[in-house]
Ligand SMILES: Cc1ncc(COP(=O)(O)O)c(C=O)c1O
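So this first bit is one chain, no partners, the form predicted alone, shown in structure tokens.
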Amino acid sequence: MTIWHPTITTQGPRYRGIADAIARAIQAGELAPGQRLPPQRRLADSLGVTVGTVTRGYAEAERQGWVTARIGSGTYVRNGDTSPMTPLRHSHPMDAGTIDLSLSLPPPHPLRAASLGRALKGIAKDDEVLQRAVAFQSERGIPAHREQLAAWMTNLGMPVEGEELLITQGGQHGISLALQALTRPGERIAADVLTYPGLIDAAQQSHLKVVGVPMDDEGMDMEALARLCTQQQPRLIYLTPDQNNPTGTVLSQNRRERLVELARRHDFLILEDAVQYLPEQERGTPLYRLAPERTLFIFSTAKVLAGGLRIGALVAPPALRERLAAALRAQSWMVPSLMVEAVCRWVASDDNTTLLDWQTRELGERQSLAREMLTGFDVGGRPHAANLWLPLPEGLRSAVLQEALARRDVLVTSAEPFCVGSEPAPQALRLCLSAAPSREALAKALDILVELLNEPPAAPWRMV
């Protein structure tokens, strides 16, 4: 097979030239949808550049939406799309009038900023707190803060003691911290075949191989996981058991118990992510309660109070706490106590209860609205979740619909960023209902979506 060899014409850094050459080749049809790009070392030898230059070039092409990297498999041209796709993160300010349903954010409410303001005003008048804020603290966090966060989590139906948790800089930090402290480069970890992209990114940073485990309506397939354990022993399993991100699938109670049985038999760790908040009645038995000796539990303020706070908790068994604390100390020494203090004051106030009660009702209303407007289409998700999963009708490609929505100022996310390994992405969209500024804006976006679903846009390669 002849290796694809780019012609670099861009002036400036070589990695940008490689990314531009990839874009031109895709647009010209030289690189086909689904085609794998050459291995980085092989292309580096062909071009006479370093492997790092090719790596940066591939990463830039992925950032622009032309290709997708799959850990342990390679980098591929995105299936069926010849134009950049909306990334899973903001790379530039949103245009006025754009309705962004691509990122899972808490629904906007003026009480979020007002509550933070009240907490900060209280801190400004407390000399003892201010003195602590300018001093170094333990990497695990101030004991009083840990106790306050533990009491809050317990009140939300996630019982935990202060001594069991480390304070983190958000849920993503908790994932990265666990992988850095408890795995070694080259080891395998496993996750649902569709999983949170932050886990995929963190694993890539830690040079881990992520293996995707098939899933169905009851969540991760435990028999497939059992076979994996006998063939490619994973060090750790990552799950979002109460609502898979992106599909919203719930891990059944039987499979939770089976997972614990497999974890003990094959001696792997469980990383349980509960950042995507649900009311207690919609959650199952936490894995950290079923297997406390080998489960790490991640929680965060991001989906409950505000994403910008970047404060979370990592609950861990006693045998692992010192390793996690050492990793946190090596990363940033500690989480700044000033922001933790603000969060603790917020969760101790009536604002916390008022805001969470409103948010639960609001998300329930948005879910009902979306399901009513999408009547006749297959949708998945929980009754009070932030996200809705929309498998597309046969013959309709997510990349084409995503691009058509973007032209109408509606941003959504396809399945590709969630894919583990080399499995083809399903033709589906994740709709973050919570991110719309209002129900009216959400209804407007859904109107456009339904219009395009009923009169699908033509694929670019079919146009004359």
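We number the residues from 1 along the sequence you see. Predicted, not measured: the structure shown is a model, and the values here were computed from it.
Heads up, the form predicted in complex with the ligand isn't pictured, but that's what we're talking about next.
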Review point. Is I175 close to the ligand in the predicted bound form, meaning a heavy atom pair under 4.5 Å apart or at it?
Key: yes
Practice item. Indicate whether the ligand has at least one heavy atom within 4.5 Å of a heavy atom of F297 in the predicted bound form. Key: no
Practice item. Classify G170 as contacting or not contacting the ligand in the predicted bound form by the rule of any non-hydrogen atom within 4.5 angstroms, answering yes or no. Key: yes
Review point. Should K303 be counted as a contact of the ligand in the predicted bound form, where contact means heavy atoms within 4.5 Å?
Key: yes
Exercise for review: State yes only if every one of T240, N245 and R310 has a non-hydrogen atom within 4.5 Å of the ligand in the predicted bound form; otherwise state no.
Suggested key: yes
Study note, to complete from the structure: Heavy atom within 4.5 Å of the ligand in the predicted bound form, from candidates W152, Y196, W346, Y288, belongs to Y196
Review point. Between the options L328, V275, I270, L179, which residue brings a heavy atom to within 4.5 Å of the ligand in the predicted bound form?
Key: V275
Exercise for review: Tell me, please, which stretch of 205-213, 353-361, 275-283, 249-257 lies within 4.5 angstroms of the ligand in the predicted bound form when heavy atoms are compared?
Suggested key: 275-283
